[in-house]
Each structure stands twice: as C-alpha cells, then as structure tokens.
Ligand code: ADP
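The data below hold one chain only, encoded as structure tokens and taken in the form predicted alone.
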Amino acid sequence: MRVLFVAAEAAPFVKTGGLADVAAALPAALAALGHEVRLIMPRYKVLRTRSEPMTGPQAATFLPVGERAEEMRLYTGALGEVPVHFLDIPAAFERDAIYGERDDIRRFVLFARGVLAAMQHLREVTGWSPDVVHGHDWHAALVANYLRTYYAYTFGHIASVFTIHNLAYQGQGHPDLLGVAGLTEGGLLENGMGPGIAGSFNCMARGIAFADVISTVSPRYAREILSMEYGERLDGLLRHRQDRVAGILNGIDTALYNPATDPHLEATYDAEQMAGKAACKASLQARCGLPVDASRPLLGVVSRLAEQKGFVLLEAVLPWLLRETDAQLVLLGSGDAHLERVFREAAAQHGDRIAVRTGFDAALAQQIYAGSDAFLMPSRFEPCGLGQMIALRYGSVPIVRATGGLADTVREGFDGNGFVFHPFDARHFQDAIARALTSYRDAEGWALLRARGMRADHSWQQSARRYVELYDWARALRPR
C-alpha cells in the first residue's frame, strides 16, 4: 500500500528526540516489506544552511492562516530508498529553533495545511496519492482533522493513523487559533471531546478525535493513557475512542546498535562470544577515571535528566549505593539543573565510584551500553523507551520501573531479562538495584540473564509488520 508519513523531524535531517529515529527507521522497514512509503517534514533553516541534498522548488503555493496567506515551496530529497518531501514555509521555519517558539501552534497549523496542499500537488501532477496518512505527535495532529473536515470531499477515502509518542506534549493554545486554523469546535464535540481541555486549542486532542486509528509506541502505554494518572487530561477523550486505540512497540536499528560491529567499542562481541564485553568495561572504567576492576558491578545511565525519567529516585538512593555497595556508576545526560548539579557534586566527592558527563556524546553512549553491567531507567512514565532495548542488545541488564514500554520489554523472574520495580519510590528502586547486585555475584546466572536479553528481537521489522495490520484496520474503517 501507499503510506505518507508526516513528522516534524527525522534523523539524520533534524533530530531532537526519539521521534526522529522512528520517522527514519519505520518508513525504511515498511519499504523493505514492499510498501510504497514517502515522508513529509518541514524544511527547517538548518537544512538550507547546511545544503542538505534536495531538488526543487517543484511547486509553490500560498497557505491560508487566519487573515493572512503564507508562501510554501515544495522540495524533495531521499532517505535511503524513501522519498522525502520538504515543506519550505519561511513564515514558520526560517529560524534557528526547531521547537519552543511563541508561535509554535501557528507554525504547525501552517505545516498541516502545507501537507494537504502537497498531497493535492502530488496527486494532480505525479498521480501519487496515499492509501494511509500516518501522522506523528501533536505537530502532525491537525492533518487528521483537515482530512475529515476541510478536505473531506477531496481526500475522504484516505485512512488516517495518528501516533502518540508522548501525551504530555499536546500543542495547546488560545481558542482564537481556531479561526487561524480555519476550524470549528463542532467536530470535536461530536467526537467526544471531554470537558477537561475546554477553553483551549489542543492539537493532540484533535488528532485523537479525528484519526481513524490512534496508536501509541507500546501496548502498556496504550492502556495507561486511558487512566487519569497517565491521561494528561485527555483520558476522557481517549476512553471515548478506546476501540480505535492500539499500542505497537518501537524497534531499534539493529545494524547501528550491534555490539558485534560497533566501531565505537574497544572490542566487539555477541551473545555467543562475550570476551569483548570485559574489554569494553575496562576501557569505559579507564576513560571515566574509575578504578579498572572487573569484579565491581558497573551501573550505566544514558538519559535526559528530566522529571519524567525518574532520576530523583537515583538522587535519593545514591547515599545507600555509596555506603552499602561497591558498585560504580557512569552517567551521561543533561537537563534538569538541580539533578545535573547533584550528580556532578557526587562525582567530584566520589571520583573513584561515580563518573558524570553532561551533554550528549554518541560514541560514549555506545561505550556505556557496552561497558556497563546493568542499566538504570527508573522512569515515572515511559511511552516506549529505547535505552532498555539498546542495553539488552549490548548485554547490559536493565533495572527499570514497570511502566509503558519498559514493562513491555523487561521482565524479572525465572525466564527474565532484567529487574523491575513498581511503585515510584526510592525504596523499591533501591530494592531492585540490590537484587541485581546480588544476582551479579552469581557469574553463571548473570551470564544466562545477559545472553537472554541479547538474543531478543527488538528490530523494526517486527514493529513494521504490526503497523501494516494497523493500516489495514484503518483502511477498512473508511468508505470506499
């Protein structure tokens, strides 16, 4: 089938988070299954200034937004075998920032309108039209809204899938933006908009209300967001549409994340030949200024230091970790200023036990996955999470909270692959670490645990097949 991906970012063009990895990897996996996939995204200033290869402009038009009309030009490039259409809208994207601007809602209203205009051009000039439009997160949510309202006559037969990567980010603005977007409240009320978000313009809510099928990036998260605890005030709307909600776990790039071929590692290894992992651990300890000691368990962290990621729990258990265990800790991340300061100060006082690097270093991240014995992800909530899957592939045993995609990928027990705690509190996190450190002393058992995780299939091919089923479901819901 023909699928149009709509995303605000895609690696390697623009990346601020995991969405970019999905927008790059999933189209390629679908194309490998024989489907005809295209990706459409903004042409940000950074793409122009670094002369990203693309052809165009192939078309130009004006997009209505409120009482104004803004120019748009269409360019085309490629991501491997997948064609990529870039929307050059100077009023929205001729600036340094990707997100975080005061007029973000207006910018992505223009993007959504641009997507529909590009679809018209592609159909009329090239004859290409999608069977399914797959939008990602709030930046693309209005596409589903326009397909069912403003463009219903033109594109009413096209199915729409809307994927929620993180419900906490919704794209909310003043109700006056309804006029800017050329939309009304009526459709939302008919689609079960709950009273919890009344009085604002909410892009995420509109994607949920108008898409044929709503997906999330893990089965557990699909269930969690139906509750008040995780629903971010959209749980009422989601429950109203829960018969259209599904969860599909993200995959990882198993070619990029492969300890048998990773060029960043001191030595390569796999589940059958593990000798190289010991060399990676010694190399990581030396690089980070820690005593090189194979017998001491080494805990790894690669993460944003944000409230969502739960590192207030690590802050709380650090005194115990230093006092009662001989474990070492290597942390790579940045974000919350308080947490950065806490971990830097701990590293300064206990340089033989803790190493902290702020910012992001792709090579060091790979080395932490490979060199650590266990990997910490104590998230308050985690829609999917990639870190635990990468850690499993590199033989670093995950210690996670049972939420979202962490609960779907990590299990503890007789046939487990990691360690899991449930209530979001420091005592239960500490207990999970203690269980892991006790297990680490059983070399034979730890080797079996590690190998079990390394042999699991978390590739995009598996996820892509599930998305094909989702697309078939969405198409079956549309009138022919």
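Predicted model only: the values in this text are computed from it and were never measured. We number the residues from 1 along the sequence you see.
This next part talks about the form predicted together with the ligand, which is not shown.
Taking non-hydrogen atoms only, residue 387 approaches the ligand to within 4.5 angstroms in the predicted complex. Interface membership of residue 361, defined by any non-hydrogen atom within 4.5 Å of the ligand in the predicted complex, is confirmed.
The ligand is not shown here, but in the predicted complex it comes within 4.5 Å of a heavy atom of residue 304.
The ligand is not shown here, and in the predicted complex it never comes within 4.5 Å of any heavy atom of residue 139.
With the partner removed from view, the residue among 172, 149, 308, 283 that has a non-hydrogen atom within 4.5 Å of the ligand in the predicted complex turns out to be 308. In summary, among the residues 332, 180, 222, 87, the only one with a non-hydrogen atom within 4.5 Å of the ligand in the predicted complex is 332. Exactly one of the stretches 361-369, 72-80, 338-346, 109-117 approaches the ligand in the predicted complex with heavy atoms within 4.5 Å, and it is 361-369.
Looking at 366-384, the residues that come within 4.5 Å of the ligand in the predicted complex, counting any heavy atom, are 369, 377, 382.
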